[in-house]
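Just the one chain here, the form predicted alone, laid out as structure tokens.
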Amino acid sequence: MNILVINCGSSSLKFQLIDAVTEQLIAKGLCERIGIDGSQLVYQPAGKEKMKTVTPMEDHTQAIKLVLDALTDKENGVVKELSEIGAVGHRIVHGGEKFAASTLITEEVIAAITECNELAPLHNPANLIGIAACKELMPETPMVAVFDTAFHQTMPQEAYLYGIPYEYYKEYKVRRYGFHGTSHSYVSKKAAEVLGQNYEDLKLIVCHLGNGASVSAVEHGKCVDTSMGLTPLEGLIMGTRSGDIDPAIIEFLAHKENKSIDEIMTILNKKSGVLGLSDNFSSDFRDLEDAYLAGQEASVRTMEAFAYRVAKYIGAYVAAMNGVDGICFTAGLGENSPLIRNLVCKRLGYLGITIDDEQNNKRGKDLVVSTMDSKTKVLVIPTNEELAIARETYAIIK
């Protein structure tokens, strides 16, 4: 069965077509600048060169129609007709407490996702637009919602409750939810395979490090804590997001700068993180790494602060699980930066970690980058959220 995986952003749409039985990638691509001048479709059948088409896309429905046209194109398509697509798997960022697992999309499910919009205002509405577009263009094709928050629903109360009046949890469900769950689930399972051990026997820490970044503690196959909270703003310092701060800073800056709460929240979400900390030098870790190696002061303090926060969360989760067997690095930065892995791991000597420099300088595949005698294993596991979504979708449709 061929599964079409859709990941809708506010002005973008990523997609992959995957054979769910062989788990082979058939085609992938990206629609960029939807609803904005200069929109384009990037389409790549497996084993072939990328093809770029600059064309207007007024909305996500038009974008998905272009994707389906590309997949069924006589010359460069990979299926003859849409009936060869057995199901569509949609990435949904926030499922609240309603969804602890992936689910077949029904009108009731759509309504429940919509109720979570205020918890993820930048993401959920776009995800719902993708669902609506597919329903319009592929009305007979079953669809599955795969939630970023679902993997973290196994957290115990002591991990997900905040120290605020309990009535806010009862009334509004204000609690820690966590995100990147599809990635944390995939990487932790893959780590067990690489280590040759049973998933349920391990205590693992997954560091999903990219422009958005989070850490999770996975004990015996279940998430017991994670760094992101009610929203993706909490936790690590990120590309443009502040991560953990004293909440009183919001009031302090609002008074000092004569700004509204909405304006301060925009600063915390879009003008902070490594961008703000580097004095607006860059939110791209590749730029920061180059400048760090050149000794630029702003980039040095920024990279050191980022690595410190990652190491601090790792230490917290070692305490939460009373031990750890393996630490996994994944996502764009975690997979591709030997430097950031070294900066983090140099603070973890108490775990008996020694890094194998030769292994650590490799990339692009599953790796153990700690030495053979390292008491705690350090792994690099390239994430594959699209494959994880396809697996979840196939399991439910089957």
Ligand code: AMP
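Everything numeric here is computed off the predicted structure, so don't read it as measured data. Don't overthink the numbering: it's just position in the shown sequence, from 1.
Although not depicted, the form predicted together with the named molecule is the subject of the following passage.
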(request) Report the stretch among 151-159, 286-294, 190-198, 220-228 that approaches the named molecule in the predicted complex to within 4.5 Å, counting heavy atoms only. (result) 286-294
(message) Going by heavy atom distances of 4.5 angstroms or less, which of G130, G326, G235, G210 would be at the interface with the named molecule in the predicted complex?
(response) G210
(request) With the named molecule left out of view, choose which of I26, V67, A331, M57 has a non-hydrogen atom within 4.5 angstroms of it in the predicted complex. (result) A331
(message) Whether N336 contacts the named molecule in the predicted complex should be assessed with a 4.5 Å heavy atom distance threshold; does it?
(response) yes
(message) Please determine whether K48 contacts the named molecule in the predicted complex, using a 4.5 Å cut-off between heavy atoms.
(response) no
(message) With a cut-off of 4.5 Å between heavy atoms, is K346 one of the residues that contacts the named molecule in the predicted complex?
(response) no
(request) Examine K362 and determine whether its closest non-hydrogen atom to the named molecule in the predicted complex is within 4.5 angstroms. (result) no
